[in-house]
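The chain below stands alone and is given as structure tokens, in the form predicted on its own.
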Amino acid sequence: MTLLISVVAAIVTTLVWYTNEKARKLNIGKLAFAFWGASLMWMVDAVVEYLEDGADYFVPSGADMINDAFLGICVVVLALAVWVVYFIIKDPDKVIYTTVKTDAQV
């Protein structure tokens, strides 16, 4: 589930980055790289776990699937939070800068 959630987030983010010019300006490509990196990490984890457990890897319990889904959602939320912090610091349209500057002049 973790791998599946990360791959879906990576594909959606990549499609948004590819089809939307404004998304490229907002550095959504960095978010796509984070999701693809997480997907690669979970893929390596799945391969290693399969090599250790064999066919039992494909028969997870319900509790394991819920835990993996929760972990996948947490990974997506954490990546989004890091991207938002990066976006606020970078401020490509200078919205925060102009707001702070205007408020300071009043």
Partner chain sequence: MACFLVPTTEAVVTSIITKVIESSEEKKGIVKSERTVRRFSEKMKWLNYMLWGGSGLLAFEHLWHGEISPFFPFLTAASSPESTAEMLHEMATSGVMMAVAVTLVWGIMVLVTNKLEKMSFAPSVKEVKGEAK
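Residue numbers count along the first chain shown, from 1. Just so it is clear, the structure is predicted and the values come from calculations on it, not from any experiment.
FYI, the form predicted together with its partner chain isn't displayed, but the following is about it.
Residue contact with its partner chain in the predicted complex: I28 places no heavy atom within 4.5 Å of it.
Remark: Y57 does not count among the residues lining its partner chain in the predicted complex, judged by a heavy atom distance of 4.5 Å or less. Although the partner is absent here, D53 lies well away from its partner chain in the predicted complex, with no heavy atom inside 4.5 Å. Taking non-hydrogen atoms only, M65 never approaches its partner chain to within 4.5 angstroms in the predicted complex.
In the predicted complex, every residue of the candidate spot (A38, M41 and L71) has a heavy atom lying within 4.5 Å of its partner chain. In the predicted complex, L71, C74, V75, L78, A79 are the residues of 71 to 88 with at least one heavy atom within 4.5 Å of its partner chain, listed from first to last.
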